[in-house]
Each structure stands twice: as structure tokens, then as C-alpha cells.
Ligand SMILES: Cc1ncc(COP(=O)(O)O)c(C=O)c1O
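This document starts with one chain, in the form predicted on its own, laid out as C-alpha cells.
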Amino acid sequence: MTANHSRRVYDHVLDMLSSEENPTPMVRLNKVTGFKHTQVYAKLEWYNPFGAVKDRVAANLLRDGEERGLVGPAQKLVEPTSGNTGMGLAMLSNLKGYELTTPLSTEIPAEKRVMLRFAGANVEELEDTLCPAPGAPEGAIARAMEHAAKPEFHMLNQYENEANFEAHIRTTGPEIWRQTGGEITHFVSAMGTCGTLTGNGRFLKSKSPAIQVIGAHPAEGHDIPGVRSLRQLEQTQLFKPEEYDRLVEISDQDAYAMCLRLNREEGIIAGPSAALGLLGALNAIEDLPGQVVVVIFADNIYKYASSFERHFPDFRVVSSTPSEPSPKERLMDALLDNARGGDGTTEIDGLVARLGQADAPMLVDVRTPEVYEKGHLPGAINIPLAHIDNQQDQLPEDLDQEIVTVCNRGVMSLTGLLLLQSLGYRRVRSLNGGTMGWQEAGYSVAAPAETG
């Protein structure tokens, strides 16, 4: 039996991959937009065979790699991911006989990390941003590149490979054009790798240059997996702002509130990036007759239960066997919370203004030597957390010397602050954002030989 899209009968799961002849559905939003004239349609991408818009990207990355002879039988693949591309690649790798390794951030929802392992991927968890940060020396992209340097591995590289956005030129764009009968006036998507926005934008504008292409991005320090803030986007190879008509910033609070409304009022099981994209549309588009808006709804809610628990405490599940923290753990948590507040931390811009001055603070990098050697703040010395108490000879004799502790993101460095305070140092602060935030702000890191 051959694939029959009208009856939805297939010989193989690969026949279900989306195309102009087999599109993912679009549904009009009727309650949450507030529009009287403008029609807004959600394109429901969890109807792809492995549950997300990134199935298209994963399939096209592999097709391109195979056709170019870069991916062959029993191939070992490595790909940094925020979850959805990894899941698509894991499932396709199972079907094609490839082995997949996925470096990713510990900040990614636990549901995604568990399911990637369940799907057979070799998951390597690292400190990184929700969507892997370009240039972070100890992040998921850097780890993937380390693997890719080995002859047995190949990295498809969704963050730079143009096969990413070409997936949408080949499939999503033609689907939308056909589904709207060519009447689409606005295309909107949340922004991560930017493949969805760039690819669809290029195809749709080739059909009608008047179509408006709008990108929605979160605020800095967001908690929406798979998307990037504007500062992160500026380091992203497939980010093409000259091709977009408008960019809109949306807060976490608003995105998660709209996510709840979509589920409860529209009966649409949309994830947080879908709500982000929709709010981008509602903030950028006037309500006028004749307008047809299509918003990408990248995936559904079921991968984000832990994220929803953070944003909606009333929904938290009460464990039948709760594990109470010990008094020591409660004390440590209280100390860390206290260190985060008040004068316990310093910001990157404030530190930059101090460096090079006579009263500049001493920088103490508390990460392991292996991570430190991959890149650190210029002038920082390395004293790992485990050795602070037995490497006091590297610390100043003056207990009033100002010290700033540094780690990847500003978490371990808080413990370093407490340890140094326990040794009697009175002017210790932790750097918010750590080395990753430092690089995201546009500042360079040093190698050991450059430390002076």
C-alpha cells in the first residue's frame, strides 16, 4: 500500500513527514485575539510525526547530509539542542541506523531530557542557556564541536546549516501559501535558531513581497525553552533582521499567561513558544479587514510541566513521598538566597567599569581547571570550589581586599562567595551571569597563557 494522505494511511512513519500535500493543520483563533476583522490562524506543528516543528529541520538536515555524502551508514551524529531538534533527530536516527549524541543545558525541562534518553540519544548535560549559547566555551555548542572534530562524528549544526531554513522553503512555506489560498498577509514566529522565520519569510515574500514577516523574542533572562533573547539572536548565524519587517519583545509573564488562555479558552494544547509568537502578532498587527495572520505553534504543552509548575505554583503536584530538606540544606539555601540579594552580587557592566583601575577587585574563577582552561575572564585566577580552603596562598593577605567570584552562570560562584567569607574575607561578591553572560554581553574571554 502506498501513502494515502486523504485517508491518512501510511506504510512507514517517514511517509508522515509534512509537505504541501500532507500539511500540518491550521486552526483559526476565536477568543484570545480580541480582533473583529483580522483573522489569526495557528499552525499546529505538533502534528509532525515526532511532535514539533523541528521534525522538518531534522529531516532536512539529514537529507542534505546524506545527499552530500557527509552522513553515511552507521553514522555517529552529534547535535547541540534545546530538545525538539534532538528528539526529531533521535527518532530519525533510530529509523536510519545512526547513533546520536545531544549536548544540552541542564536548564532544559526535565521532561525533554528524559524523553531524549528514552528515544535512545546519548544525552550530555551541561551548564548553558535554554537555547544553546553560541561561543560559550563550556556550553553545548562547544561540546558538540569537540565531538565533531573526531573523525567518527558528524555535526549537522542546526545553528549555522542553511538546510535548517531550507526545510521551511521546501515544506512549511508552501503549505501555508496553499492553506490560505495565497491570502496570507502576515507570518509570525517565535525565534530560536531563526530557521522558521527566515525560511518561511523567504518563501512567502517570493510569492508576495507585501507579506509582513514578524519575529517574537523573549526578554533577557527568560524562562521559555528553545527561544533566544535579542542579545543572543545577534550571535545567531541564521538571524537575518534585514529580512524581517518587525521584531517584538515579550515578557515571560505575558507568554505563560497567554499559554494558559490558549489551553483554557481555545482548547489548543500550545506550548510557551506558541504563546510568545501569538503575542508578537497581537502586539504588532492592527485589526483591519482583509488581514490573514499565520502564527507557528511549534509544539504542545506536554514537554513543559516543570516550567508550568514554576510559573503557576497552584498547579504543583504534591508528592506522595515528599523528601524534606535537611537542616543543613535549608541553612545553605537560606545563605545562598541571602547572598543573591543586597550587596552579594555584582553585574557585568559594573565589573567592566572597574577593571584596569587601581582598586579593581581580584577575580577568582571557582570552576574546575578543565573548564577554566577553555576560557575565562581576563585576569581571573583559578581556585576550584573544592580547593578554596587549601589554596589560601593564592588569596590576598588583606581580608579587606575586594574579590569577585566567577563561574559559568553565577550559581557556583555564590558558594565560592560563602566559602571566602567563611575564611574571613569581608568584601566578596559573585558575578551575575558568569562567563556565559560575559560573552553574551560581547566581551572576550582569555586562555591561560593570556592571564596576567
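None of the values given here were measured: they were computed from a predicted structure. Each residue number is its position in the shown sequence, starting from 1.
Keep in mind that the form predicted together with the named molecule is not shown, yet the notes after this line are about it.
Proximity to the named molecule in the model of the complex, defined as a heavy atom within 4.5 Å, singles out one entry of Leu351, Met258, Cys194, Ile141, which is Cys194. Residue Ala298 is the only one of Ile108, Ala167, Leu204, Ala298 with a heavy atom lying within 4.5 Å of the named molecule in the model of the complex. Among heavy atoms of Tyr304, some come within 4.5 Å of the named molecule in the model of the complex. Mapping the unseen interface onto this chain, Arg56 falls outside it, with no heavy atom inside 4.5 Å of the named molecule in the model of the complex. Contact between Ala190 and the named molecule in the model of the complex is found at the 4.5 Å heavy atom cutoff. Contact annotation: Gly226 falls within 4.5 Å of the named molecule in the model of the complex, judged by heavy atom distances. Residues with any non-hydrogen atom within 4.5 angstroms of the named molecule in the model of the complex fall in just one of 194 to 202, 118 to 126, 373 to 381, 245 to 253: 194 to 202.
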